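Quick heads-up: it's one chain on its own, the form predicted alone, in structure tokens.
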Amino acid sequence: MVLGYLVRRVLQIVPTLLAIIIASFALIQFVPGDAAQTLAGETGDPVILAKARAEYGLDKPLPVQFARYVGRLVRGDLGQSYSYAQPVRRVIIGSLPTTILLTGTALLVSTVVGIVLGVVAARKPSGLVDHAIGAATLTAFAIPGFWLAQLAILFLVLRWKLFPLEGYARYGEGAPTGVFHLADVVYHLMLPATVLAISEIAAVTRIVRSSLLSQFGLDYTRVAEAKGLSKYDVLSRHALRNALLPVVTLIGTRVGFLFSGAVVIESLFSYPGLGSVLRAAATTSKDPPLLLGVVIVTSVAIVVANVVTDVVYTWVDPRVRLD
């Protein structure tokens, strides 16, 4: 049943991905700059520019360029990066692990912390702790991520020097090795991952709280309380599983927001991931193949996350079936 569902979802996402490719290809044409200039280097020689355009097919009409690109894409070829002078697939593979580490850590932290805070807030609705958590989550929603990142850099990095400013880890002479290198990676990851996770923590907390409160008064929770279980036991052992259903959906839909937020966070913290590659390709050089490659990989990641969310949903709630 799961296999049949996955096949149907793959067939459904093909038109979506095609629409994304068409829209992205069209929008990228409006990015300022000349891609041939990136290929030809600093020289402005018209002969060299014309040769570069002819070699990469940039002298062809846009429909022809698009048809050729889709043909290569079907074969798994994302094209050649103009600025990196290597296949786009290699550039993305080299940058993707650090972005997955950043977004995955932010997703894990936001899920765990959000669930814990949601349970704590729901234990005593309208109490002091509930109001404090509500105010904190509302503030987290109101603060833009890029502004929070700049505040973190200003105080935690530059003024108090609690965290490093840039990079994935220390390299070169004197760099730690072995388990100390792993600790250094975690140290560099802590601040950007936390900043990226803040708004997600707020979202998960509020969803868990409201979902738990909606379970109170239902027959199964009243029966559990009648058996003598404490409110905490009713929350954690009975109501929480049902309350997690909307959280599972939320996590799947927020993967795309985390990837888009990673672009800003990686830029501010000089974190070497896919976001930094995307920013460089869009601002410092005209590199359509790389831009399109990043957009396609991100879109596929979001679609896969939604499919995984649907499958996990059936595990959390056995009443749901993949038809």
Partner chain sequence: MTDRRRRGFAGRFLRSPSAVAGLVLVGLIAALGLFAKVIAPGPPFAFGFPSVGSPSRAHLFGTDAFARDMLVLVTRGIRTTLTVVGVVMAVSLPIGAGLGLTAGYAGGLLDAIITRIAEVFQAVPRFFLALVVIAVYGPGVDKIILVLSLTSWTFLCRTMRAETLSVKHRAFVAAARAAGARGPHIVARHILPHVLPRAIVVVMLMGSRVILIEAGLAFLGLGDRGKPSLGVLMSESQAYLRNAWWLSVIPGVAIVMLVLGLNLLSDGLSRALEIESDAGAAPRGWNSPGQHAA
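If you superpose the two forms and keep the largest set of C-alpha atoms that fall within 1.5 Å, you have the rigid core. Numbering follows the first chain given and starts at 1. Note that the coordinates shown come from a computational prediction; the quantities given were computed from them, not determined experimentally.
The same protein also exists as the form predicted together with the partner chain; that form is not shown, yet it is the one meant from here on.
None of 235 to 243, 138 to 146, 79 to 87, 180 to 188 except one has non-hydrogen atoms within 4.5 angstroms of the partner chain in the predicted complex; the exception is 138 to 146. With respect to the partner chain in the predicted complex, the three residues 3, 91 and 193 uniformly fall beyond 4.5 angstroms at the level of their nearest heavy atom.
Distance criterion of 4.5 Å from any heavy atom to the partner chain in the predicted complex singles out 27 from the list 64, 50, 27, 70.
For the residues 169, 250, 229, 113, the 4.5 Å heavy atom test against the partner chain in the predicted complex is passed only by 250. The partner chain in the predicted complex is not approached by residue 308, whose heavy atoms all lie more than 4.5 angstroms from it. With a 4.5 Å cutoff on heavy atoms, residue 60 does not count as touching the partner chain in the predicted complex; it lies far away. With a 4.5 Å cutoff on heavy atoms, residue 256 counts as touching the partner chain in the predicted complex. Taking the partner from the other structure, the partner chain in the predicted complex has a heavy atom within 4.5 Å of a heavy atom of residue 299.
Residues in 60 to 96 all lack a heavy atom within 4.5 Å of the partner chain in the predicted complex.
Core-superposed comparison between this form and the one not shown: the C-alpha position of residue 24 differs by no less than 2 Å.
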